[in-house]
Each structure stands twice: as C-alpha cells, then as structure tokens.
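Just the one chain here, laid out as structure tokens, in the form predicted alone.
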Amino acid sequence: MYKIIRNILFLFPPEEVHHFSMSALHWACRLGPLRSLLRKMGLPGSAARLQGAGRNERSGGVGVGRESGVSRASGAKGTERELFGLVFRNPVGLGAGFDKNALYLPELDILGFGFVEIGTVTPFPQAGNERPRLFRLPKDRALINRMGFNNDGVKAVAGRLRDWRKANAEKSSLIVGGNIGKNKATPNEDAWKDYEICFRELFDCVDYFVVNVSSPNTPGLRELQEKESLRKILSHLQTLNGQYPRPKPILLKIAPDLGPEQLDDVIDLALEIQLDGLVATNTTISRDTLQATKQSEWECIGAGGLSGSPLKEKSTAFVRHIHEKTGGALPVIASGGIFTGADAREKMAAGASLVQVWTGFIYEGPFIAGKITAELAE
C-alpha cells in the first residue's frame, strides 16, 4: 500500500510533500479511531499483520534523562534498550532534520519510534538555504539535501517541547534528543557561544544532546571538527553540564568524510573529555557510491549532503572502527542507509547501540520503526 502512496507523493516536490504528509498525519491523529489504528500499526510487527494476515505497555512518565532517573518505556517485551541512563522502548530512532521544530512529537510517538532527535536548532531563527534544497534519487534510494539549519530558533522550539512535556508527562515514554548547531552568521571563533545558548535553553526540555558540527550545508561548519576547535566547544559544554545536579548525556555527530587520522582525533578527544557517545554518521558530500543515478542528474542537483543506501557501507565502517578502537567504551548511535531490520542488525553487529532512520522513512513508510524493531526481535 505504501509503495502506491509513495509513487504518487514522488510526483511532487520533496519538501512540500514532507510538510503535507506530516500535516495530514497530524490531523489523522486528532481523530480517535484513526489515532488508535495508527498506534497499533506503529507497534512491532503490527503493520504487517494489519496489511495482510498470514504475512510475515508498559506505561511510565516521559523520560527526562539523568535529571529524573531512568524512565520506563512503553513497547513490546524484549525491545527495550538502556543507554546513557535512559530506557529506550526500542532501539529505532528518527534522526535530526525530520522534525526540526518539535512540531510532530505526538505523531512520531504514535508511529512507534523509540526516540526522536529534534533540530538542528540554532539560537536565532533562520530560513536556511534557497529552495529547492531537497532532492530524491529513487534509483539509489537516496536523498540530497542542502537545507541549511532552517529552524524557528531555540526559544520557540524549547517552548513547544515544554508544552509537550507538560501535556504528556504521564502518558508518553518517547525519548527526545536535542540536536544543536550554530547560526550561519556566527563566526566559527564564536561558535561555542551558540552551542551554549542552545544547551542552556533546551536543558530542561530534552533527554540528551547531540552537537552538530558535521552538516555540509552551513559554510565552514565542518571546520569545527578539527580537534582544537572541537575541544573548545565540547569542553565548554561539559563544564556547563557539570554545573547541573543531574547532567545530560552529550553526544557528537560526525561526518562520514573524515579521514582516518581525523576520525581517530575525534575518538581520542571524545574519550578524553568523556563524551557520552557519537552519532555516526551525518550525510556525505561524496557522490562516489551512487550506482544507478546518472552523473548528469546529480550534477544538475549540485551541492548538498547525500543520505540513504549509498551511505550504508561508509557509516557501518565508521561504527565498526569506533567500536574496535574504543573496545566498546564509547557508545554509538548509527545513522546511514538503514531501511530494514537486516540493515539495523548489520549496524549493531558493527558495534552500534541504537540506530536512526531518516531517508528510510521516506522510502519505506511511516511504520518503519515497528517493522525494524520486529525484524530485530526475530
């Protein structure tokens, strides 16, 4: 069924379809019968059972990380994962960039994700890059985006998160991460100030933080991945974190385009300043792994970060290297080319503790979290 819907949606511009689809989901979730059906389909294995017979909760408060202790999750038995002092009801999350402004948390909760990363959020609102800035490459099951940290600004996003927490404190166990970045106009030497602003504003709203210095769509941002620039930002955040009675987990999202020495530098720094983990990986600027899309097509699209199936092997290699180099001491959330339970299992075999999807949602449909969770449990 979703393939038919997808074929229709793919006739229209990607960014407009994203907003239309999420708005439709929002209104569907306001209708009791539809909301109940969507919730059932979001449970592991339920979508397949409802779509074709014969084919192959535990309640608690909203998890607020170390600030409130370990939350209990709502999900199928055996799907929970405990990490960073949090209990994830299942190991399948939705990566940053999908719900940039924390507009759709109730809907994503109903779809069964174990965790959702909002953002990337910046101190001040910004429009992002000019449209069009999101492109499909269906022959390679991939996307190219050059969004440019378009978001409503940290104060607006924090306000929505507080409202959501207040309304769902007793009925949702969805873990929410805050992905934070700098405004485009902020010079790199002042970037640490932007990360501090976002960190302070979101501290009581999210369960964990992800520092984003690896997007290819903000000019000069990836220069902050150099060891000393990174040290300044992360050390400052760790100092701030230590001032709170119950610090929050802080992770770093890394680019798949780092060279071997750069990657090792990041790992060494993460261990040195005791980061809680890494997210591997962000999108890539390389086009070398595209196989079916004609060169003239992707050249016409131009700059942007490539995600989806072409990123799968590189992402897995990064996860494996981090795990082997640290002996598993540095947890990894894997992101890149995850469409099925087999893809997720491959990432976990390489050393990932949790996985995130984004492009997979577009190609596999809204019930991807439940499907992957069910396949992992087999």
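Nothing here was measured: the structure is a model prediction, and the numbers come from that model. The first residue of the shown sequence is 1; numbering continues from there.
Just so you know, the form predicted together with a small molecule exists too; it's not on screen, but the next bit is about it.
Of the stretches 81-89, 142-150, 293-301, 164-172, only 142-150 has residues with a heavy atom within 4.5 Å of the small molecule in the model of the complex. Each of 134, 307 and 335 is positioned with at least one heavy atom within 4.5 Å of the small molecule in the model of the complex. Taking a 4.5 Å heavy atom cutoff to the small molecule in the model of the complex, the contact residue among 176, 96, 154, 108 is 96. With a 4.5 Å cutoff on heavy atoms, residue 358 counts as touching the small molecule in the model of the complex.
Residue 253 belongs to the set of residues with a heavy atom inside 4.5 Å of the small molecule in the model of the complex. In the model of the complex, residue 311 approaches the small molecule with a heavy atom inside 4.5 Å. Contact check for residue 281: a non-hydrogen atom falls within 4.5 Å of the small molecule in the model of the complex.
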